[in-house]
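Below are two forms of the same protein chain, given as structure tokens: structure 1, then structure 2.
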Structure 1
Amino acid sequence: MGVLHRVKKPQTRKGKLYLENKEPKVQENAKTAIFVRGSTASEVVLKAMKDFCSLKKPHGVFFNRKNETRPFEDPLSLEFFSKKNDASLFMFGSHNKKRPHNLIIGRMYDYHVLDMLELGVESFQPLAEFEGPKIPVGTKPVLLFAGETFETEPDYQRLKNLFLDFFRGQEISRVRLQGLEHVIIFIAVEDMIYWRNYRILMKKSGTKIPRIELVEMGPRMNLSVRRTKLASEDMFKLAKKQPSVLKPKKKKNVKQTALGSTVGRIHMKRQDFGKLQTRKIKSLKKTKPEQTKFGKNSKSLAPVSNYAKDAKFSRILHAR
């Protein structure tokens, strides 16, 4: 008889670590992008992709071989690449008469295409054409989205999310003030997206906050939006699901007012008036025989109504 389920153990420690790193995690790794060259990619598209890749590094891999595939018709081969390289972002470049200088940008969820967007490169100036120093590899960019289309149209909202996903890089909890060096701006106007990259210069302003000046670093691109293939609302919701560990715990009975002060609600037991400290008068003080009879702590002579009696009384009232 053969072996039923040979679930192979990793042979080396390195292999084990590699497999562990690939597994789903609560706090995910930074997304890796693959840049796939189509069989018909033009020089413009190729250079554009190379520039995108250099900005995306160290989370970018360039595939220089020509690949005969059409992501909008059949994304299977891209999904295969994604699985092999553990990369969930992709960019694909091609060129033909109907769609000249075509760039397809997209992302995957569970190694299946989630969102895909086709962009036409209308004008392009590569990174190398701009003079001056460039930013170090792996710098987290400041992302700017301008234009009301990004806020109002649902499709563009999704595209904004896609661009954010593609360019934001590693998730960080703290940032070095001098490390803010790179700005990417997206402007959406009438089916066009203007994409620019700037380097930040911090100048003295006489105050603590520096005056910002920008120097264009390149690349510079004007892109036209062509086809899109966005995930359904359900699928997108599923992909956005956050692990319960990461969600902040809901605080009960604590609220913030409009003025910013914190208001809390406290639940207390009913006050026992028997133990209430009233004014000390000599005449109310217990005599020796009383103390022995009622106990030292009871304050007054009259029997104090206790909880049980109160409760009973209220019940009777309600019944009537």
Structure 2
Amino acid sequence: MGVLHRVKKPQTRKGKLYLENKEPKVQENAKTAIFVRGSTASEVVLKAMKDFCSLKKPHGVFFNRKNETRPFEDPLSLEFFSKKNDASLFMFGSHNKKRPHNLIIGRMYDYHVLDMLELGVESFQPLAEFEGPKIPVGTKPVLLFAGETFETEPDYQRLKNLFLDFFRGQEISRVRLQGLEHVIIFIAVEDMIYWRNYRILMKKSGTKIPRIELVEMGPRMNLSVRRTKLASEDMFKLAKKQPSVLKPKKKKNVKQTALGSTVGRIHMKRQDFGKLQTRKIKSLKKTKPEQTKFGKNSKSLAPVSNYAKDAKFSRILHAR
């Protein structure tokens, strides 16, 4: 008989809160990223990873020790680090003669590698070389993607989705204008990705809408896509599955047209057209004998008198 895995309950309040924080939630926490240093990492790779980590703070963990691992051949060590730090994103840096200045960016699903892409750093200018003030820690950036390849090529589509997941941060319901301070731009041109970072400056314009200026604050990087390992369509669809609580409920008898306008259907009770208020016409007014017979306030329709018929016929002749 095999040894059963014991489930040890937390003994302290801190341990209980830690386990509750790791449990699945309807509204996910901000995704944490781990930055793992390879056994042979160049200075360019280390500076690039540190700049990535500074933009990801406070949800970034940097590993200073060297780790002998090859993510594309054996990702078990990365999966172990991911589970230990409760991180679903990772970046691995290495350098060798065959693949110089190499960065591997990827994400996890259920603490197993979902997809990862290998990027080569062709040119790099670190954050420290740019003068001027920087953005506060934890600022939510605005992401811009330019280039047709982000919409047509499958590898670039998944890379775009990965970068959106990487810099998404905490989910918010409202946006404050003064909180927009950071812009990250990805430009895809001829198998190269140009990564730029700008700081937003809002200046007076004489109106309610401020005048916007962009100042490059770094880092600046040119990347090339090398190897890729993407999840299958079924696995990717399972990873994107949302709980039924977050799905919008369908409203009955309400639909939208092709032009975007909302159309609704109203169900009413059967109406009695005998009690319907219509336009009052003098020719249909009751005569005194009819009022005494049917009553002055009677709602039942009385037969039209000969006098009323003659008056109506005379008006028609005059109109002609």
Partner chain sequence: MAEIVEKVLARASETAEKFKPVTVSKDIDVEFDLGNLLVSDPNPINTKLLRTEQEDYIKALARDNTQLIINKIWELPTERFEDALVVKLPPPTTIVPREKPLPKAKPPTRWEQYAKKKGIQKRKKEKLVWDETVQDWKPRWGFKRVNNDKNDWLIEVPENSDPNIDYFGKKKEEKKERIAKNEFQRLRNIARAQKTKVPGVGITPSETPSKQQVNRNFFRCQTNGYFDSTQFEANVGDFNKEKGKNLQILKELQSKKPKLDVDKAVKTLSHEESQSGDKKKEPKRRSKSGGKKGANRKPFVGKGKGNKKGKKR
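Here, residue number means position along structure 1's sequence, counting from 1. If you're wondering where the values come from, they're calculated on a predicted model, not measured in any experiment. Throughout, rigid core stands for the largest set of C-alpha atoms superposing within 1.5 Å between the two forms.
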Report task. Tell me which of the two, 1 or 2, is the form predicted together with the partner chain. Result -> 1
Query raised in the report: Core aligned, does the CA of P58 move at least 2 Å between structure 1 and structure 2?
Result: no
Query raised in the report: With both forms fit on the core, has E68 moved 2 Å or more by CA between structure 1 and structure 2?
Result: no
Query raised in the report: Hey, does E28 budge by 2 Å or more at the Cα between structure 1 and structure 2 once the core is superposed?
Result: no
Query raised in the report: How much does the C-alpha of T278 shift between structure 1 and structure 2, in angstrom, given a rigid core superposition?
Result: 8.6
Report task. Enter the rigid core superposed C-alpha shift of T262 between structure 1 and structure 2, rounded to one decimal in Å. Result -> 2.8
